[in-house]
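The data below hold one chain only, encoded as structure tokens and taken in the form predicted alone.
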């Protein structure tokens, strides 16, 4: 597995290209690449049998025809769900991809990735262990090593211990008072925070600590340019067709 992440660009497609295709699907990853994105971000959690899948919510209803909790649903059932028609009729037939399929798609498309560990409640350590093991064993050397991120500190502790040489980012909404202690404890190499709470002073604070700051989710080109001027290293966007490197 390559760990060179020096080429993380300013624009990262959020959940692929979530404003243009069903989020966290292979077609969304490919659409981001088509729009010029060199990197994408997506969420990974586990099905009931421990298969890593691309999915954001804890429950199935919003983006599929399924019902109930992802962690209670076997991969065989998840694979049969419709995961595209909710976004638009032209996406009917889209399926929830496995993390393994997504790793292969990244290699096929030449995409770097931010892999967000998005565990279901009570599944943080197990989810992180599966994700990190798959990255170590199957990540393609043809693309940059991933940035591994999570809001969950237990998940990030697993990533620290299992992949000590990988790039890791602690995810926050607003930056808490003890953010630096958390980042240092987990040996993170960057900070990710919400566009809703970021200020010029926050950017300066993180940059002064010598860490890249990446901001989610930014869909307005003028806002993206302001953040760039403040010193933000990257933005996650649903619309890589509007915001360019």
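Residue numbers count along the first chain shown, from 1. The structure presented is a predicted model; accordingly, all values stated were derived computationally and were not measured.
Beyond the structure shown, there is the form predicted in complex with a small molecule, which is absent from this document and is the topic of what follows.
Look at 116-124, 86-94, 159-167, 137-145: in the predicted complex, residues with non-hydrogen atoms within 4.5 angstroms of the small molecule sit in 116-124. Residue contact check for residue 130: none of its heavy atoms lie within 4.5 Å of the small molecule in the predicted complex. Contact annotation: residue 43 falls within 4.5 Å of the small molecule in the predicted complex, judged by heavy atom distances. Interface residue remark: residue 106 is not counted as part of the site for the small molecule in the predicted complex, having no heavy atom within 4.5 Å. In the predicted complex, at least one heavy atom of residue 56 sits within 4.5 Å of a heavy atom of the small molecule. For the residues 78, 175, 171, 111, the 4.5 Å heavy atom test against the small molecule in the predicted complex is passed only by 171.
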